[in-house]
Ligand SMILES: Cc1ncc(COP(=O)(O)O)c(C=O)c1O
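To begin, one chain is listed below as C-alpha cells, in the form predicted alone.
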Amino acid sequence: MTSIHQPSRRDFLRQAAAAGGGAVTVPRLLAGGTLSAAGLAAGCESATSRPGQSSSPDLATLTTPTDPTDDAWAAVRAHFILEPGTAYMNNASLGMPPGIVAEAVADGYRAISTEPLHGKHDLQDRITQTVMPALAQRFGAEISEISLTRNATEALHLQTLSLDLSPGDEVLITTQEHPAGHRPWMVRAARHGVTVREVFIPSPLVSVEDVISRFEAEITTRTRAIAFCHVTRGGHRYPVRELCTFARERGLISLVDGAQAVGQFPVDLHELGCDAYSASMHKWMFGPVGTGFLYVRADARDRFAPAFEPGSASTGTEYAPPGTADFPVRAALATSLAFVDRLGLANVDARCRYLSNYLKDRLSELDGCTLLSGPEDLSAPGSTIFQLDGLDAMASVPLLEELAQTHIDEHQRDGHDAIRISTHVYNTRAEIDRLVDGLEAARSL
C-alpha cells in the first residue's frame, strides 16, 4: 500500500510566506470595497461565551438543556473561556474543554506541587475511585476492561501491537482510516509478517449494507481481524454494531477507532460488541488535552497480550505504558465526565445535529457548494464536510480565521478538496452565519 503525503496547514503557511517574502496576510478590504474582515466579525463580542472572564461558573450552576436551540444552551456556553471574538469549529481536531476542566488540571498540579507525596496519592485515588468508575459507567464497560492512555493514537498502537497474530495472518482495514489507525498496522506488517489489506469504502457512505458487503467480499481463510473507524475524520458514521456482529459470526476480532465518536452521541461498548475500542477524551468529550482510553472486552483478553509488563486493571494501567503518569490531567477527567453527565449525551447529540443541520441549510444557499456528509444514519451529528467551487480547502483555513475569526479545518483526502466544519454545543447559529459569509468572501479574493 502506498502512503500519500498530505501537506499540513503549517506547510501551506510556510509556502505562502516564502512566496510573499514574509508573513502571510489577507486583504481586509474585499472586492467592491463593501465587505471587510471587521464587518464579518461584527457581533463577535455578543456571540462570545464569556468575554473578559478567566474562570468558569461552578458545575452546580449547570442545568440540563431542555431543547437544542441556542437560547437553551446559552448557560452552557458560559462555561467556556474561549478568546472573545473567536468562533471555534475544529472540535474534530482538538476539542475545547470548559473552564472548570482547565481549573481542575491547574488544581491538580497545584496540589502535587504544594505537597508532592500526598498530592500524588490523592490524585491517584481520584483516578481509581472516581475517574475509572465514571468511564466504565459512561461507556457501558467494566472497570477492568479500560486502560487509560494519552489519546486514541496511543490506544490504537497498543491494541494493534497487542493483538495475537502470526506471520501470514491477515487483517482488513479501510481506505478511510486515520494515519493513527493505519501506521500501527504497517508496523505489524513490516515486523511480524502480517498481511494488511485495505477495503475500499466510498465517501460518502452508500448504505449499511454496502459497507458490510465490501468487507464480506474481502474476507479470506487467512483473515483474523477487521479494524475500522466508528466515525471517520470526515464525519462518516460506520455501522459498528453490524460490523462487530459480522466479525463475531466469522470468528474475527473487531477493533474500532472511536476518537471521533465518543462525546458526540451515546456509546455503549458492550452493546456495540467490539473486541477493542480506542478513544480520545480531548476531542468531543471536553476532556483535558492528553487523555484517552483503550477498551479490551473481557471475553477477548486472551487474544491480546500487553505490549509492556501488564499493569493493574483496577487502576486503568493494564495495557498502558508503565511509569509515572500525568496524574493532574487524568484526575481532571472526573470533572469533564461530570460535565457531560449533567448535559446528557443524548442532548449533546441533538444539539450537535441541530447546528450541523442549520449549517447544511445555509451551505445549500451557496452556488457551487457540494455537500459530502451522508444522511443522518450514516453521519456524525457534529461534523460536516463540503466542497466549494473556487475555494481551495487548505487555503480556506487561514482565510476563515482572518476573515471570520473562525477556526475550521480542511479535508483534502478520499478524493475530496473539502472543508471540514465540526460544530459543538457551544457554537451558535450566529457563528454559522458568520462562517458562511466568510466562505463567500474568501472565494471572492
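Numbers follow the displayed sequence, beginning with 1. Just so we're clear, the structure is a prediction, and the values are computed from it rather than from any experiment.
Beyond what is shown, the protein has a form predicted together with this ligand; the following relates to that form.
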Please state whether all three residues S203, R237 and I385 have a non-hydrogen atom within 4.5 angstroms of this ligand in the predicted bound form.
-> no
Pick from R233, R297, R126, H79: which residue has any heavy atom within 4.5 angstroms of this ligand in the predicted bound form?
-> R233
In the predicted bound form, which of the listed residues (A334, I173, V340, C229) lies with a heavy atom within 4.5 Å of this ligand?
-> C229
Partner proximity in the predicted bound form: R197 to this ligand, non-hydrogen atom cutoff 4.5 Å | no
Would C369 sit within 4.5 Å of this ligand in the predicted bound form, counting heavy atoms only?
-> no
Would R351 count as touching this ligand in the predicted bound form under a 4.5 Å heavy atom rule?
-> no
Using 4.5 Å between non-hydrogen atoms, is K360 touching this ligand in the predicted bound form?
-> no
Of the candidate stretches 129 to 137, 81 to 89, 301 to 309, 178 to 186, the one with residues having heavy atoms within 4.5 Å of this ligand in the predicted bound form is 178 to 186
Along 145 to 182, which positions have a non-hydrogen atom within 4.5 Å of this ligand in the predicted bound form?
-> N151, A152, T153, L156, H178, A180
